[in-house]
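Just one chain is shown here, as structure tokens, and it is the form predicted on its own.
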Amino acid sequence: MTPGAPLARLALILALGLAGCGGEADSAIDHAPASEKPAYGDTFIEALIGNISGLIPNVLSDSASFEVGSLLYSGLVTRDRDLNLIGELAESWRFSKDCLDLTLHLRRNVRWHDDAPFTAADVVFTYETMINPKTPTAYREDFRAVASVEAVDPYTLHVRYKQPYAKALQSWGVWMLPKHVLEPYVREGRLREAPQNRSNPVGTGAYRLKEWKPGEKVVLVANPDYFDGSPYIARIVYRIIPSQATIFLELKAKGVDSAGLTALQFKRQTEYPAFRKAYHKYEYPANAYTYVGFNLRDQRFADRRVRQAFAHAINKREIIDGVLLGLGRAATGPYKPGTWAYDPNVKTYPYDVDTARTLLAEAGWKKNADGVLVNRHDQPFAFELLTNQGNDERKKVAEIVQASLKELGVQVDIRVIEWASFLKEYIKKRRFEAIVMGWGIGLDPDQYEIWHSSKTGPDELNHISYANPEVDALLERGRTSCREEERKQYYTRLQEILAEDQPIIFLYFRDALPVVSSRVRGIVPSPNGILYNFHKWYVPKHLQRYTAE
């Protein structure tokens, strides 16, 4: 879930904007002098709009926690600049021809942050943690597909699947957990209460935690024993700044080195020489979409005609042009245009107020003499639309939705809530009528965790309580095939149903618009965005601003 969400570590992307790169990115590549060598040192200051919710990302679901967690922990596999799966803690693997047996060979030079060796026993422990019913995780399904996991020796792992599983290899990109530290907490079902989720996390990642002051900052320091070599940047400070406007002021004052811009900031407020000298701007389609979601347990929204009416009443082009200044594209479903699973031919909902009124009338809602939409009991159609604090873009979207539905006679009250409270008290507890939020999507089209009817629990991701038996069957079939052309048939039908049902109103896929201080070198835009090689970024000695503490 983005402030933006996850479908696991490889989806990071939910959130970090993994996608094809273009626009200003090419012109922003830093051409360092050939004689310039990478240097160690300096501090990189990053702005986070939301506080992290913990330090063990396997049991969390917010993008801020994922961003920090992915520097503390590692998976067996990851993605390279061209989105190919490559080894991280695994150095090689072999699949059987029937797609049922996976053998992984682990690196032998990996140590946990407390200097204990990383072995196959930790992988088995991570698997057992993920399938343990006491573990409050939203990412269990990838591992329920496994029949058995065996540590053949300390550096060899054999995984047997119950049937072919499309995401078998990439699912092992999940964050590996240390058995010697967390085993008693998993056994007792207290992983979220483990001290390592609040302080002193033990991972294998490029950075270690130095300090976390909730609501203020998270400080990481380079791991000198990182298996791929100590990162060049010595320290990372994540400043929690719950306002895009304040973040922008900090950028202009050089109080942060990197942040995501709004469309207005990107196109109109950064086009002056001093800013362009201080920062490099990047633009590429993000792997995330924004939506209006409904609590489908509410009988008003359970009627598909109401959702379809609202879809017709909201002008997506107005939102894309007015809020994003054109830096985005309309969403017709949960897949990004241009990806292999995307179907461009599904039903769409052109802006049409008359059709919206007709659908609402069919659902039993008509305007009274005062122009208020009421049901047959003369009860007005009024609801609260929630979104998270600090995200000006979502607030503007909510205001456009409010104005659009007012034309139909629907009263919408907007409420903006601090991010951590929004997740814990409203989303997790399903205490909402409607929401404006975003989903980060993974590189694989499997979205079982979001749309399957079994995933409506408080620690799971089907927040809107959507249930459709055919969708359930399609999701189950799509993840048990190894053939892309066969999977595409299932996901095409899935999109057709979601387009008809409109369980949420899919609004748009926005562009990622990050800026990074121009003193930072080693950034190479790619189909995988810019963060894939963060531990290789560096600042030349003569440009370093901060000394180590």
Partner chain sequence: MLGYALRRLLLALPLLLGITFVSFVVIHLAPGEPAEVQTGDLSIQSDAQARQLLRETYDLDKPLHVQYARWLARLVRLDFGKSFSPDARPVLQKIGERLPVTLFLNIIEMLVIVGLAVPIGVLSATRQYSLFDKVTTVFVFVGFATPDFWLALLLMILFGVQLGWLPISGLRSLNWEYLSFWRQQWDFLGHLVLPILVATFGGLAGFSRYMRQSMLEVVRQDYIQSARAKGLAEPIVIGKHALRNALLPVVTILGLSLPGLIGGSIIVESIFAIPGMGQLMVQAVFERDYPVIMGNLVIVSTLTLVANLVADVTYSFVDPRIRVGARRGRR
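This one's a predicted model, so the numbers in the text were calculated from it and none came from an experiment. Positions refer to the first chain, counted from 1.
Beyond what is shown, the protein has a form predicted together with the partner chain; the following relates to that form.
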Self-check item: in the model of the complex, segment of 479 to 487, 495 to 503, 44 to 52, 512 to 520 with a heavy atom within 4.5 Å of the partner chain
Solution: 44 to 52
Practice problem: Answer for Arg198 alone: is it within 4.5 Å of the partner chain in the model of the complex, judged on heavy atom distances? | Solution: yes
Quiz item: So in the model of the complex, does Ala121 come within 4.5 Å of the partner chain, heavy atom to heavy atom?
Solution: no
Quiz item: Taking heavy atoms and a 4.5 Å cut-off, does Ser70 contact the partner chain in the model of the complex?
Solution: no
Quiz item: Is the gap between Arg144 and the partner chain in the model of the complex 4.5 Å or less for some heavy atom pair?
Solution: yes
Quiz item: Which one, Val346, Ile241, Leu169, Ile314, lies within 4.5 Å of the partner chain in the model of the complex by heavy atoms?
Solution: Ile241
Practice problem: Select from the listed residues Leu359, Val77, Ala420, Leu102 the one whose heavy atoms reach within 4.5 Å of the partner chain in the model of the complex. | Solution: Ala420
Quiz item: Do heavy atoms from each of Pro133, Thr137 and Gly438 fall within 4.5 Å of the partner chain in the model of the complex?
Solution: yes
Exercise. May I ask you to list the residues of 367 to 405 that have any heavy atom within 4.5 angstroms of the partner chain in the model of the complex, in sequence order?
Key: Gln389, Gly390, Asn391, Arg394
